[in-house]
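What follows is a single chain, given as structure tokens, in the form predicted alone.
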Amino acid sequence: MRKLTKLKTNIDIVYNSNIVEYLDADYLYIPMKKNYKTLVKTNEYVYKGTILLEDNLNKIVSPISGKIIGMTTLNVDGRPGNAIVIENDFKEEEKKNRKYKDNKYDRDFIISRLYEYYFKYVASTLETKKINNLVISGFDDEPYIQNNAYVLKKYHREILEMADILASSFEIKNTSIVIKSNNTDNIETFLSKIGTYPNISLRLIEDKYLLATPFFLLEYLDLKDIDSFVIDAKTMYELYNAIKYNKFTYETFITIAGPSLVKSMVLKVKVGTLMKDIINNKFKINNKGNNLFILDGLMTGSPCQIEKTMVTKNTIGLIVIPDEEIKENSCINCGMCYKICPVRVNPKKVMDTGVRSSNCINCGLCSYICPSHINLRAFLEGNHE
């Protein structure tokens, strides 16, 4: 088993104890995707669940009811892109979905429902792979991001029921809920509930970076990829809504945290919400100087402008820190970046030669460990200026 690293975090950050909802933004922004056909026009009224964009296999639906008022350019998952703007009428009028007379939860029913609700990867894996080990991950890799831990705690009953349905329908021999050993709240919660599900076990792991990545988690648990499947807690909750209640999940979970905030939070927000609206409505900033907003984490994220950044299905959160200039010094040839790399890439060699490595997994550990504060990750991505 390869050696993984425990990341140091700021112990002064205080989190709200429960998930906080922000579901009433005035406007939502839905990203336009390449090769997708747009099915709505400006000034058109849309219901919650109306299909806005589609390609041959996927559809993107409206998370709210309201009026299409045009398009704008925003930050979509770290890159500039166009987005449809919807003005919220706050009625939550929903386009009615086809009703099912009977939910048998057999294999064919579940696979069909998952394709219908665009869980293509999960559906195809269950359809084509014999799963003996279902692993439900209750944590995130990025320091300060707490989405899966909070979802696991709040929706533990739904997640346990969904795990039981999958295990029964697909004859999965072993199902595990995996929690970090320092998460005492979730450990207590599941120890008190898991007894009613004799085929589901609780497994505790160390607080090590990259264990939320399925490859590293399965290696740590001594399981083989060929007959194992890792699903995180957030996805399990979304599967539960689709399979049991025939519902789209119009919301997602993000963490907004950092030393510049009076209190950090895990939030349930509508997909398409502007980051600036969330900050203005739910947070107080205790740092009077300038702040830096890092989209999707300190290790693998990037700085962003919150007034131009929206929440997508891929967004995991926002880190808010004082904007302090850190001086980048010359490399001292210490070799620490090579020693910490979990896939044995030599970042110093990439920096010197300009030849990128196809083995790099963009984990950010080389930049994290560098005593000279060199942004080695930028060299590895080919983006260093």
Partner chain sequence: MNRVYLHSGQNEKSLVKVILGLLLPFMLYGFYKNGIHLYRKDLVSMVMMFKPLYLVLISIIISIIFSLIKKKGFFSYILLINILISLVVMPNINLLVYVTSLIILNIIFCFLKINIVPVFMIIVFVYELITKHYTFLNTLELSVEHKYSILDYLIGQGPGGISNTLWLFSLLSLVVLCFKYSYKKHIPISGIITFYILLIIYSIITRHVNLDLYMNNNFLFASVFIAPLLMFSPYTKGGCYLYGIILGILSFICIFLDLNIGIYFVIFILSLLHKLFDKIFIITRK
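Positions refer to the first chain, counted from 1. Quick caveat, the model's predicted, so the values are computed rather than measured.
What comes next is about the form predicted in complex with the partner chain, which is not displayed.
Heavy atoms of every residue among R344, S367 and R377 are located within 4.5 Å of the partner chain in the predicted complex. With the partner omitted from this view, the residue of L204, L191, L292, I285 that lies near the partner chain in the predicted complex is L292 [heavy atom within 4.5 Å].
Among D323, D55, D26, E44, the residue placing a heavy atom within 4.5 Å of the partner chain in the predicted complex is D323. Residue contact with the partner chain in the predicted complex: P303 places a heavy atom within 4.5 Å of it.
In the predicted complex, the partner chain lies within 4.5 Å of some heavy atom of M299. Contact annotation for C334: at least one heavy atom lies within 4.5 Å of the partner chain in the predicted complex. Mapping the unseen interface onto this chain, Y36 falls outside it, with no heavy atom inside 4.5 Å of the partner chain in the predicted complex. Comment: 348-356 is the region of 64-72, 348-356, 26-34, 47-55 lying near the partner chain in the predicted complex, near meaning a non-hydrogen atom within 4.5 Å.
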